[in-house]
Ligand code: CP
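Below you'll find only one chain, the form predicted on its own, shown as structure tokens.
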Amino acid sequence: MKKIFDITDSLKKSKKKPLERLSPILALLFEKSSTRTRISFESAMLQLGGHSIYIDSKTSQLSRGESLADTSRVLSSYVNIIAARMYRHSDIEELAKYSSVPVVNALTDLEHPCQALSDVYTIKEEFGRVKGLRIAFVGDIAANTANSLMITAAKMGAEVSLVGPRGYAANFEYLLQASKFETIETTDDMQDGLKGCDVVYTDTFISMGQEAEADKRRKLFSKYQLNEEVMKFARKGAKVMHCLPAHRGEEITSDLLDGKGSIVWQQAANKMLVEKAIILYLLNAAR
């Protein structure tokens, strides 16, 4: 992570296109819809001096039964790097297994690692450190965003508080991994969960593929909305984060999202920079 963050820092100070001479190609193989991840990866590759090709799985031969293994073998013979957004985590693992080029996880049902790297980089930029901070993730603590955030933050030395309703327990495997590095606490009580927190993070209550549970989830998660009142439980001056898209008035209020304590837009802008760093790192072009 330190190497990725160091490359990101250098990119903030430079407008050079380090990949222009090589002109590599990034394939974006997406099963799920996307705004920020797709556009940030495409923009990142273009600004680095490379090219990108977007592949909607619904209009590819995958939709007609071609195996991921065969797709991966052929696709990796055409491009230099692949970023994939898949429904099942096992599918991206299969894609990577048969690929001859690096495969970046752009989101699965279990993980969202590029987002987590962007999040933790933003925290480091804002506070000057990550070690010793306390970060709360509020809402669906069983979600992919929570899984990746707690591991990434814990590896960097931050305590993590997972705050969500009973019945939506954190993924035990990811909780166990993160706990090897730092303290991870879980609670269904907002006051206890936000106490002493420097950063309070939330995400949509209804992720892609959960639309059938929308009404049930809105009711269950309603008391976990981030607003000015609950932020009083956190440390004074605590920062607010959200990976977007935000459903204003649902998981977070507009006054908080747009308020002085929000670092959401800084977080979103940093996503492209961190993805640039990931591409450079994987293509060994950062030297």
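Quick caveat: nothing in here was measured; it's all calculated off a predicted structure. A residue's number is simply how far along the shown sequence it sits, counting from 1.
Separately, the form predicted in complex with phosphoric acid mono(formamide)ester exists; it is not shown, and the next lines address it.
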TODO: State yes or no: in the predicted complex, is some non-hydrogen atom of Leu244 no more than 4.5 angstroms from a non-hydrogen atom of phosphoric acid mono(formamide)ester?
DONE: yes
- [ ] Evaluate Arg218 for contact with phosphoric acid mono(formamide)ester in the predicted complex, applying a 4.5 angstroms cut-off between non-hydrogen atoms, and reply yes or no.
- [x] no
- [ ] Check whether Lys276 has any heavy atom within 4.5 Å of a heavy atom of phosphoric acid mono(formamide)ester in the predicted complex, and answer yes or no.
- [x] no
Task: Non-hydrogen atom contact Thr35 with phosphoric acid mono(formamide)ester in the predicted complex at 4.5 angstroms - done: yes
Task: Which of 58-66, 249-257, 220-228, 236-244 lines the interface with phosphoric acid mono(formamide)ester in the predicted complex (heavy atom within 4.5 Å) - done: 236-244
